[in-house]
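Read the single chain below, which is given as structure tokens and is the form predicted on its own.
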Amino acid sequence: MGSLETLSWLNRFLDETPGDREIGGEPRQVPGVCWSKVKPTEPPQPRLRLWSDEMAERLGIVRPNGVILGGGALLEGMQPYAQRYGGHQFGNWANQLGDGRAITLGEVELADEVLELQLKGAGKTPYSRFADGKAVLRSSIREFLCSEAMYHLGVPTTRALSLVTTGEVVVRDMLYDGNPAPEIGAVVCRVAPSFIRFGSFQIHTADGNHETLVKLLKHTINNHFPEHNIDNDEGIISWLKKVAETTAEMIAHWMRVGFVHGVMNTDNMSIHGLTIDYGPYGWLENYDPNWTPNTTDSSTRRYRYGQQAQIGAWNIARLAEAVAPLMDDVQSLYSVLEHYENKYIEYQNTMWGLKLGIDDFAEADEALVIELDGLLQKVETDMTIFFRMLSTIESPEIGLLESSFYDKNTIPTDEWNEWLHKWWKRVNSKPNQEAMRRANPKYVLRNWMAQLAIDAAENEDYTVCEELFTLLKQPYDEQPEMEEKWFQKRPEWARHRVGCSMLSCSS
């Protein structure tokens, strides 16, 4: 193990794609480039608050102080930059967006891979528009805990290395209701193979800048998809199918564990099929496919839980459109959407087979799932608790699952017992409970749990953060000492509380 200072820093993205070499943070349009050099804002009083030993071991570094990871002193070899991209936001083209508060420090070369380190909340970039480029403690805690929790759930995701408070006050209007308030500033260091997004390609197509589009695509293929090429239509289609496949797999995992991203804009979609940009996400408490945690999405519910797979397809179509100018046969792009849909169905069926302990899930089993989906919506049912308890019962009786319902007096007992007997017969009275327990987590980062950690941290107590961080590293284990406290339905105080039932993009 070494220190941050001893890491070998690379800057392939800067070397291989067009960039804006002016260092500064003034918002502006920067046509024709993929990135802009920018220097993080030095925090007045950085303090390292949360640290991932696991991620640090992967990077080969020891725990530092908070200066560098809070946006302070740069190390030799670092050439920080912000990426330029565009995107569709809530279905509408938003033109230039870019890293408004994210600054990539550079790439770290490891024995078997290269990883990027990026600071989120470290100050203005040319893409900050009218914002300050900062982040607040509440959103930073949510990103740190959730990205690591998702990794241990087996969901493809970016990772978190650290969380640093900056010692400054950041003003935010949390609900966009005209009531801004001062909050604690913070910076998260997140890690990924790259932070290239669907929108990274879209912006150059929108500008008609096909030369830069080709350079970016070549960089992406050479460094992140070396088994692919873009020499012809077949090569481009093959690469797009790979992106479609990993995106479908990621979303199937979201559905498996009850995660709702909340902001599936094309600028928030990773070309690596990783969950990225943890903003107003949420976890299903009551099983409601129409639920979205995002207050901005409350009228249309575009990004609701039950529509995430369809939005994934829509976003893949926008990525295909972005590379269409490089194709001779544009019609062949439809095969990418077909591939996404086929792979999603495959992943979804695998997921349901695991959740229900059916080893040989078949098309005929889809009716069983559809019936279950309807029953789960009839009364308020805790998704996580229901499926975890289903993996433990020894007979098909709804009474054994009643603690997963918010009001047991409303349970349609006869309908449930009928479904349970169908399921029990299907698995020959022997569901694969081991597979079920591996697919149905006992612990997820429910919003009310994250809010308790935030409340404590805002009063200088990070023990709840640390407890949850430890708990969520083993989400499929029983952890009986944690059960009474954390294996619980949403408490009544959290039903309508801001940060639990609803969130905004303000962070």
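We number the residues from 1 along the sequence you see. None of the values given here were measured: they were computed from a predicted structure.
Omitted from view is the form predicted together with adenosine monophosphate, to which the following refers.
- Note that among 219-227, 132-140, 329-337, 201-209, the stretch whose heavy atoms approach adenosine monophosphate to within 4.5 Å in the predicted bound form is 132-140.
- Taking non-hydrogen atoms only, D99 approaches adenosine monophosphate to within 4.5 angstroms in the predicted bound form.
- Within 4.5 Å of some heavy atom of adenosine monophosphate in the predicted bound form lies at least one heavy atom of N268.
- Adenosine monophosphate is not drawn, but in the predicted bound form it has no heavy atom within 4.5 Å of H272.
- Adenosine monophosphate in the predicted bound form comes within 4.5 Å of a heavy atom belonging to Y85.
- This chain appears without its partner; in the predicted bound form, the one residue of E148, E107, D277, E183 with a heavy atom within 4.5 Å of adenosine monophosphate is D277.
- Though adenosine monophosphate is absent from this view, in the predicted bound form it lies within 4.5 Å of a heavy atom of just one residue from S128, S194, N315, T384, which is S128.
- Taken together, the three residues Q89, R172 and V263 all come within 4.5 Å of adenosine monophosphate in the predicted bound form, as judged by their closest heavy atom.
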